[in-house]
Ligand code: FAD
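Below, in structure tokens: the form predicted on its own, a single chain.
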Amino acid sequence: MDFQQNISLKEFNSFRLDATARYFSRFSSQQEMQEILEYVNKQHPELNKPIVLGGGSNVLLLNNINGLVIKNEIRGITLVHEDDEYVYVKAGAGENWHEFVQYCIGRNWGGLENLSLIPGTVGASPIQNIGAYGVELQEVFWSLEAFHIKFMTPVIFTAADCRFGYRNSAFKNKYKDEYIITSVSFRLKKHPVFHTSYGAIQQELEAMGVTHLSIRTISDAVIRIRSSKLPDPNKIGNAGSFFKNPEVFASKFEEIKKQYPGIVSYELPGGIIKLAAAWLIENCGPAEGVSWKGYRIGDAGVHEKQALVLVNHGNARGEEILSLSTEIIRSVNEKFGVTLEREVNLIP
């Protein structure tokens, strides 16, 4: 068991924030994880609520952490079961998400292709109910295995247990900080159904000259789109989309549209309209005639190509990025009467 002290977390979070963990450890198996937790319970009971990191791609570290951070590095991909229509595949929580998606695409297992190039690990995917280009994780999720930190017991969660919502699950509220996810199982299709109507996928496929549609070509199109719009965390610190796309009733949408006819929206069932948060942010700013898109204060900023993405230009602190996000939320609310919600997880 590797138990270190005063470790910089800069390389373990995609914002590249230089926060320090008083104690830090890693585990690559459930046994190693149990050894860490048992050691903590006996020797350091004050550290019995560890912060768990996977890829660190959806967190904002606000301060140094005067406690224990443990990094989940459980790997492994296993074909559990298959029938005429589906394959059931289990992946360790520490598997890189994009690499796992490409592994499945290489075997023509359909369902994950629209979720290509999303940063992070497999274990974080159900917590966030990740989604992109018309597909959400809950559509391919089968079950997950997690370990209860306090009672030291393994638990299996079904989709119903996870209470999935838009970029949400029970692990972000009801079960927050209670479990460590060790593996996730997916049900993927042997005969894929293609989803190309959302966003610019169809246009990108045409630009690529694709004549034979496949999950591989869809994945390639998604990768090209994301690469053109979203910054590489290895080059500039960021956590991808910082805000959720807000949802409003149709009556509220019509009210906004009268004043701002160019507003970008997507119709959902039940008279609900999803608004493009990026459009809202781009069309207001810190001052009259100034857009948030590309705005920078110190080393905290908004990406020049995608207003949904907040970035660390070098030495920003978590509190500075949080402050910038608060100002963006305020200005969008003042102009459009819509309240944005942060997608990233704040770690105080």
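This is a predicted model, so every value here is computed, not measured. One rule holds for the numbers: they count along the sequence shown, beginning at 1.
The next section is about a form of this same protein that is not shown, the form predicted together with the ligand.
When the ligand is considered in the predicted bound form, only one residue from Arg187, Arg167, His98, Lys90 comes within 4.5 Å through any heavy atom, namely Arg167. Scanning Lys257, His148, Arg226, His195 against the ligand in the predicted bound form with a 4.5 Å heavy atom cut-off leaves one residue, Arg226. With a 4.5 Å cutoff on heavy atoms, Pro233 counts as touching the ligand in the predicted bound form. Within this chain, Ser14 lines the site of the ligand in the predicted bound form, having a heavy atom no more than 4.5 Å away. Within 4.5 Å of any heavy atom of the ligand in the predicted bound form lies no heavy atom of Ser219. The shortest heavy atom separation between Phe141 and the ligand in the predicted bound form exceeds 4.5 Å.
Stretch-level contact analysis of 154-162, 204-212, 115-123, 78-86 against the ligand in the predicted bound form, using heavy atoms and a 4.5 Å limit, identifies 115-123. Contacts with the ligand in the predicted bound form, taken as any heavy atom within 4.5 Å, map within 158-191 to Arg167, Tyr179, Ile180, Ile181.
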